[in-house]
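Before any questions on how it binds or moves, here is one chain, the form predicted on its own, in structure tokens.
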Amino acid sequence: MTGFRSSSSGISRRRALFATAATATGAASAISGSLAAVQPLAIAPGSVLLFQGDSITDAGRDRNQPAANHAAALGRGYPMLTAAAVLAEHPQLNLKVLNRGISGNKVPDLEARWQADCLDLKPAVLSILIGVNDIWHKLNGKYDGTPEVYRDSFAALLQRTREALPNLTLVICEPFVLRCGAVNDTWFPEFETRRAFAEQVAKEANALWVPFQKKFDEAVAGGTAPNYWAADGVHPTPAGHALMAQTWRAVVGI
């Protein structure tokens, strides 16, 4: 068997990798620290936590597996990472975490499946991340919805949800993009308008607001390239999903 041999070039490469990892870890810690402290979320034992959205939430989940807390059903993204941490830290609560994100979805797609994929599940905590496809599909000529259509239909969906589930803890996640990959100048300023509308709708619905765009912007400003967090500018890398999970938990308080 050949023994392990070190070399100056190998050491240099490893040092470079460690330096990159340290920079990313420092950025994530700073981001967590920049969030305002929240009170721990009071949640009853046996409650359902539901993640809704598009491909960012879907993250390759097994849609044929409806069971709560199932690794394949939670996907490979921030819902899985969030669920893993929450379930590990609160075993006494016997929480049920579900992911119902579907790749390609826009607000109208959520509306069409909302009864079965949300209201019938009776979540105590509902997290929604939606909006990037509402502009991306428009830029690709596959959809013609305006920012105002996004705002009004999203607001109507949240009102419907509040009426059906009045005691719900509602969590609205900020739509985000990073300037790399598929994201170029044609996305702006319309994307910023849609993002502002999402925050407006969240406030009107008395929802918790998870500032994903703000946190990714801070991470990039802290020294990491945009594609470190989302290679195509839209879909997060493992580091991006981890940052999202960290941010989500800091805001929601669980």
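Just so we're clear, the structure is a prediction, and the values are computed from it rather than from any experiment. Counting begins at 1, following the sequence as shown.
Here the subject shifts to the form predicted together with another copy of the chain, a form of this protein not shown in this document.
- Another copy of the chain in the predicted complex comes within 4.5 Å of a heavy atom belonging to H90.
- Although the partner is absent here, A239 sits close enough that one of its heavy atoms falls within 4.5 Å of another copy of the chain in the predicted complex.
- Under a 4.5 angstroms non-hydrogen atom cutoff, another copy of the chain in the predicted complex has R76 among its neighbouring residues.
- Another copy of the chain is not shown here, but in the predicted complex it comes within 4.5 Å of a heavy atom of A85.
- Of the candidate stretches 43 to 51, 223 to 231, 204 to 212, 182 to 190, only 223 to 231 contains residues with a heavy atom within 4.5 Å of another copy of the chain in the predicted complex.
- Distance criterion of 4.5 Å from any heavy atom to another copy of the chain in the predicted complex singles out M80 from the list M80, I135, V177, I172.
- Checked against another copy of the chain in the predicted complex, the candidates A112, A116, A71, A156 yield a single residue with a heavy atom inside 4.5 Å, and that residue is A71.
- With respect to another copy of the chain in the predicted complex, the three residues G60, L243 and Q246 uniformly fall within 4.5 angstroms at the level of their nearest heavy atom.
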